[in-house]
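The data below hold one chain only, encoded as structure tokens and taken in the form predicted on its own.
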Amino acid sequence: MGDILRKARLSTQPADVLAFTSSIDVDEWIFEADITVDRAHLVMLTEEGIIAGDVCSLILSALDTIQDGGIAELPPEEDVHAAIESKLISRVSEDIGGRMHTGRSRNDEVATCIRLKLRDELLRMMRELASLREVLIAHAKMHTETLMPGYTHTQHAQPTTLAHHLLAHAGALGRDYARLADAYVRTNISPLGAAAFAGTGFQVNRARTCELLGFDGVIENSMDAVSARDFMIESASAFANLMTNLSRIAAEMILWSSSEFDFITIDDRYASTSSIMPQKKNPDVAELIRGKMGSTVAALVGILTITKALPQSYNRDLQEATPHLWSAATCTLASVRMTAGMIDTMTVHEENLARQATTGFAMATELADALVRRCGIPFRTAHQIVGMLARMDAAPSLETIDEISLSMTGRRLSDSGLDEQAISDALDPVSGIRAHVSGGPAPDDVVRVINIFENTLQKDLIALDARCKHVNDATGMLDREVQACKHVR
């Protein structure tokens, strides 16, 4: 067990030690990537004349069989890389299969596999996040005139619209998308050819394997190539940031679906019931998104803690960092999908939203602004007058405002042009909202922002399609080269 790497230098490893050191249980994530890296490396070795064409053909055919069998049929080795090589040698002999690893180390191999797999996860996540942004924008278009209360400190603040609220989340998720796209840039570079850390004496063609694997460039320093895990930290950080924003959406949906708010109804497919209380409809999916945010942050902290203070170059500690990355990616991708589904299927109770829009003297700021515009007084003075009105819990009538103003300033605001109509207009939430431009809830301004967000999303999708095409083209190129090599005898 676990002898392919040990048999010449070390004695056989006991089963319990092998179990402790092995990463095979979590290497399923990179099994397909490992086969892909093997193929690209073999094509390059053949093209450079480092191994013979007939040897390459036999190895590639054996790798097909190994891939079909899956990771479950691999022998118990330290990791998936050694297990594949061990299986290969058992099928085609060491004289043939033992040549696959020429000019390569597990150090550059695993770094390449992780980058390939993470690249795919980032592309998938960007696609799902683009869909979520599309859902938010589509629902914002439907609710440009839907009044609702706006909050600060979870207290009624000023009226807004549901469209304005949804676009706030769309803006945050747009920045999350940009962070994922940036992480992709520093992920999609090739460490292959760096070997253990000092390069290799074989004349390997790093540019060729980079091309065949769809990377955008190579990591020039071989020591940096095998030891760098900053791309994992950056991606996990982007996942944690995204999950923080998804958690905020989830928290609102949990509140809004409660009897106390009754702003929305979450679709049944995203809810559960109680095992004892038959009337219950629990927002379990939203609660799990909120909870998985903690798991994602924990994964980030795990990676940071493991990689802290590691000396150059490769250290086995890094084996423990990778499962955290896959955990964070899994949680985040699923949460993006669930959030999009919940928003797209929720029922909005527009009457309840509108009824609550002016609760708690939410038009106080508009009234203070009206006093400034109509009477020419400083805003701070108007703020104090309206604040006293709120403290007295008095109806905002001209008579009451005059009394407060007289006690504070020695003048009646009715003498400066304030009348009941001006007060009534200031207390009208629809009129107030229409006055709030510059990124506010005014319907026309919301439409302007929607157009900006749609244009940004379209540009993001064009760039994403180009990246996917580049990867797919490389996959097709590698497949063609592999097929050509297989026919060499």
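If you're wondering where the values come from, they're calculated on a predicted model, not measured in any experiment. Numbers follow the displayed sequence, beginning with 1.
This next part talks about the form predicted in complex with arginine (ARG), which is not shown.
This chain is displayed without arginine (ARG), yet in the model of the complex the stretch 100 to 108 from 210 to 218, 100 to 108, 368 to 376, 123 to 131 comes within 4.5 Å of it by heavy atoms. Taking the partner from elsewhere, R316 is found to have a heavy atom lying within 4.5 Å of arginine (ARG) in the model of the complex. Contact annotation: E234 falls outside 4.5 Å of arginine (ARG) in the model of the complex, judged by heavy atom distances.
When contacts are judged by a 4.5 Å heavy atom cut-off, H81 counts as touching arginine (ARG) in the model of the complex.
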